[in-house]
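In structure tokens, the next block holds one chain alone, the form predicted on its own.
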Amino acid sequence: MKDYDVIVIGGGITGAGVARDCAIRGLRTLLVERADISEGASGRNHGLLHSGARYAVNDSESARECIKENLILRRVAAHCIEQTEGLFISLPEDDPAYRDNFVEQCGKAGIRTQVLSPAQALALEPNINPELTGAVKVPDAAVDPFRLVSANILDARLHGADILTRCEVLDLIKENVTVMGVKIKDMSTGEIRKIHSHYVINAAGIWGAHIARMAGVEISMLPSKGALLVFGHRVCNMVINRCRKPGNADILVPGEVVSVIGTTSDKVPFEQCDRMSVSRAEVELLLNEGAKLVPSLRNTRIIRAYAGVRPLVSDDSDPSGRSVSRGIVLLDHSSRDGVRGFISITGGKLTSYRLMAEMTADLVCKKLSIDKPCRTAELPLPGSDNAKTKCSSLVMKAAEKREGSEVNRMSFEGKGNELVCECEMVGRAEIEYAVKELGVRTLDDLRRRTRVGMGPCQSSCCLDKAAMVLAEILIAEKLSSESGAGELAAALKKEFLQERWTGIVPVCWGEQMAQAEYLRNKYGKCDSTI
């Protein structure tokens, strides 16, 4: 019930970054998230760490921001990033003049490029379309967005921030023209309470327009839906882009043991933003266009479809959102709207989140007359501090790959070394750590922290074991009121299957239909919707 200097609304990557930066500068900080962290667009994207090349031709400001932040994050968030590099490939139907302009504009933005012949590109990535006419190598990379958000949340907490998840903001506390805090509802207990602060930071993504209206101001936003597909194994080891004006399915990203293709861009009503699903038509569009990048995608099992909503500042002249700038939008509502104590941060990219947080924290510190510089470009996130580790088992080595030096805080003795998820090599010790340190309370939380259930089997083989292990840990830590692990495990599975099934239905054919039928026969008793 204490008061704060800053209350941050939104548990995506922007809110997590802002909370971390403010906490590092010594501000009394609270982050409020209505669901779990990274449930919005931060957890529904390619997992691409942009080099900025994608924006070099049409949005030079975003391109420069991306390459600068790309290089910073490779240092301070190394355990979240796989340094894959990227290829922009040109196909016979693509304008060769675009590639020449692309290379020139990348150079102006400070993005390193290497022009390759078709033979050189195929030597690097044998599975790309053999009909390509040329390629350009750029410093793209793959990033685990869930891990990145989680690491920022953890570090914010380690620096004194309070984190409230599953707490919905019902209203802002406002006195005349000054926002003085938030009124929240705990979604688990139903408790309603008011919390005061000097500043409220609106970092709620596409839902930020709704939060702004609570303050009596308007942010004109364009909800732009992007659909993506997950394939059952890695078909490439580099990020593969189409060297042309941005369009559908022109980016393929290797992510851990799978591959992700995307994306589409379609304007959707705000009412749909909480219920995103992917249609069969979108699946076919992504598959047909993606196969032009890598033909073998046509014969690769699709294990999941999902969609997110980009928080773009509105441009009514472009209904698709393709040409809307991905630039950062920081709104000081005191100077813009005459409403004090309220700041909104939106736009940008996952890659530029740290810069967005720095800009926001700079503004807050200026208003509070606090002279403390940003340190997030130099301080590594927990897990990326280069501390020595001693990995004595395959399970521990897999945990180190995901969590970096944080593996030193896990206990792999005895049952701790027990393997739970074979696809992603997740063990009991990592699950215990996720519960104690990362706020895991459900199987879906666990999926976002450790990738349990995200591999090729999509939880078909590990769900029973993961649910029981999580239930046992929650009960042992007194984080559940259930007295029996079996009853709690059943409830955890039912909730998890409802979310998983949404992404499986659009891709049910061929081999995936057989996998879905296996899932239904094995777990249908847990969930009547299967």
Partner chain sequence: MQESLTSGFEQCMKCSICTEVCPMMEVNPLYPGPKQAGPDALRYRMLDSSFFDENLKYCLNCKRCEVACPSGVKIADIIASAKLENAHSAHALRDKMLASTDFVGSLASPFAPVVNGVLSLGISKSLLDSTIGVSKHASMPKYSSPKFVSWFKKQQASQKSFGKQIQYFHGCYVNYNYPQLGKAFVSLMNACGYGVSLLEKQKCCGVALIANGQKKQALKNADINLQAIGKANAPVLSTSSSCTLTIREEYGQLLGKDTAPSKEKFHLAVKWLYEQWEKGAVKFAWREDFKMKAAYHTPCHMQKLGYQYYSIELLKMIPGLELSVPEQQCCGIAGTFGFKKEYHELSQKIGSKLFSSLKATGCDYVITDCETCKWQIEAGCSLPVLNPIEVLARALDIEKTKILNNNEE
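Predicted model, so just to flag it, every value in this text is computed and none were measured. Residue numbers count along the first chain shown, from 1.
Same protein, other form: the form predicted together with the partner chain, not shown, and the subject of what follows.
- Residue contact with the partner chain in the predicted complex: K367 places no heavy atom within 4.5 Å of it.
- Not displayed here, the partner chain is kept clear of V76 by more than 4.5 Å at the level of heavy atoms in the predicted complex.
- When the partner chain is considered in the predicted complex, L474 lies well away from it, no heavy atom lying within 4.5 Å.
- In the predicted complex, no heavy atom of K415 sits within 4.5 Å of the partner chain.
- You can rule out all but one of 175-183, 149-157, 85-93, 400-408: in the predicted complex, only 400-408 has residues with a heavy atom within 4.5 Å of the partner chain.
- For the three residues E256, R301 and G455, a heavy atom within 4.5 Å of the partner chain turns up in the predicted complex in every case.
- Taking a 4.5 Å heavy atom cutoff to the partner chain in the predicted complex, the contact residue among E168, E104, E422, D171 is E422.
- This chain lacks the partner; the member of L394, A387, V115, L124 within 4.5 angstroms of the partner chain in the predicted complex by a non-hydrogen atom is L394.
- Interface residues of 485-524, taken as those with a heavy atom within 4.5 Å of the partner chain in the predicted complex (partner not displayed): E511, A514, Q515, Y518, in sequence order.
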